[in-house]
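Below you will find one chain, with nothing else, as C-alpha cells; this is the form predicted on its own, and questions on how it binds or moves follow later.
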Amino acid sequence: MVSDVARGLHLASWLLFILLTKLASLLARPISDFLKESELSMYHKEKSIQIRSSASALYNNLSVLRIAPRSLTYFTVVHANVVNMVSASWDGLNFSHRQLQSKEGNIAASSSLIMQASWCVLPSRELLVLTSQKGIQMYESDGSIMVYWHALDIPETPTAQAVFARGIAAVRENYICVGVSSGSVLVFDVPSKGSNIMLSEVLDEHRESITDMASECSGSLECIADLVTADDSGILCVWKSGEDFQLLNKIPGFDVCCSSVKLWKGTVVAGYGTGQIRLYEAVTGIVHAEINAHARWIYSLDIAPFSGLLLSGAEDSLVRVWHLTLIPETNSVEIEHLYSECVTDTQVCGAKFCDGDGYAFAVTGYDLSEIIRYTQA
C-alpha cells in the first residue's frame, strides 16, 4: 500500500513538473507568437473548382480578381492556347465557366501558345490581359469583349530566339506594362474607358527574356519605386513611372532565373530557380534577407498587401506562407515562416491569395484540371 502511494505521488510530481516546464516555456515566448498562432493556426482545404482543361507548366499560372460588389471571385488558368476563366460565388454554390482563345488581330482563333493571363486593376477600370507567342490581348474584366490587340514583331526568317510576351503589371493610374522575349518592356497608356489604348514607351534595359514584373501593391504613395521587372538571368530592374519611366536601380541576378517577383512597401521580393527567396530594398538594392524557401524551382509568389503575408509555390509540391515585417528603426524587413501545405504529387505552377488580408489562397498545378482552395481555420 505504501509503495502504491509513493508511486502515485511520484507520478503526480512528474506530471506537475512537465506542466510547469511547459508553462514556463510558453510564458517565455513573446505575445506576438500567440497572436500569430490564434490568427493563422492553420489553413484548411475547401472544395476545389473544376476547370475545363488542365494547367500548363508556366510561371505564375493563376490570376485572381475579387469582385466585392457582386460577391464573386474570378480565376484564370492557362492551358496551351486557351485561358480557362471561372467565376465563383463566395458561398461556393455557383460557378460559371468561359474559355478565351489565343487570337491574332481579327482572326477568330490562333494556335499560338498563351504564356500568361492576368487581371490589371487600374483606378478607373479593370482589364484582363493575355500574352502569347503572337501578341498581347486586352479584354474587359469578364472576358466578354476584346478591347485591344498588339502584335509582336515576328522575324520573317525563323531564329533560335523564341518570340513571346510574358510579365504583366498595372502601374499607377493609367499604365499597363508587358514584357517580351527580347527583354523589352512595353508601356501602354490606358484611357479610363474605350479602346484607344496607346503604346507610349518601350523600356530596353534587360537583355534576356522578361519572366515577371510587379507594381507596388501596398498602395503607398510614399514609395519612390512603383515597378520591378525580372528576366531569365535573374536581373531585376526597379522603375519609377511617369510620362517617361525612370530606371532607379538594377539588381544583379548572377545568371539564376528570377521566375516570380513582387514589390511591397519599397521592398522587392524575388523567387528564383534555386528555390531561394530574396528580399531587397528596392532603391538601393541592399539585401534584407535570403532564405532557402523551397527544394526546387519557385513558380509563383504573391503578397497580401494589408497583412504582409507572402505566399510561395514551387515544383517541390509545397506551398508556403510567410510573414513580412517592416522594422522602421533599422530600415529593414524581417521574414518569418508561418505555414506549409503539401499538394501531393503536384508541380505547383500558380499560387495566389484570394483577398488582401491573406485569409484564403488558391493553387494550380501542372496537368491538374482543378483550382485548389484553402481558407484560414
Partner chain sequence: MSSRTLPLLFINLGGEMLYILDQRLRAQNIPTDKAKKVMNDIITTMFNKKFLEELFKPQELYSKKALRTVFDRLAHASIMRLNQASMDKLYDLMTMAFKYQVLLCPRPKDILLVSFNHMDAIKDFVRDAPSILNQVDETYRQLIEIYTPLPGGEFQLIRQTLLIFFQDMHIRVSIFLKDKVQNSNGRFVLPTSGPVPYGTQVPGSIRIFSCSGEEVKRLQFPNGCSYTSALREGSFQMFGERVIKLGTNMYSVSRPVETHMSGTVKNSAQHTKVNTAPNPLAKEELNLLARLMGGLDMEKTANTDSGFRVNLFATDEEEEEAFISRPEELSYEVINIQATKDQQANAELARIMGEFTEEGEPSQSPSDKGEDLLAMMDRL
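Nothing here was measured: the structure is a model prediction, and the numbers come from that model. Positions refer to the first chain, counted from 1.
One more form of this protein exists, namely the form predicted in complex with its partner chain; it is left out here, but the text below deals with it.
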item: Listed range touching its partner chain, judged in the predicted complex by heavy atoms within 4.5 Å, from 187-195, 76-84, 168-176, 141-149; value: 76-84
item: Contact label in the predicted complex: Lys265 to its partner chain, heavy atom within 4.5 Å; value: no
item: Contact test in the predicted complex: Tyr280 vs its partner chain, heavy atoms, 4.5 Å; value: no
item: Its partner chain contact in the predicted complex: Trp239, any heavy atom under 4.5 Å; value: no
item: Any non-hydrogen atom of Arg52 within 4.5 angstroms of its partner chain in the predicted complex; value: yes
item: Candidate site Ala57, Trp297 and Gln347: all three near its partner chain in the predicted complex by heavy atom within 4.5 Å; value: yes
item: Stretch 286-318 - residues with a heavy atom within 4.5 Å of its partner chain in the predicted complex; value: Ile286, Val287, His288, Ala289, Glu290, Ile291, Asn292, Ala293, His294, Ala295, Arg296, Trp297, Tyr299, Glu315, Asp316, Ser317, Leu318
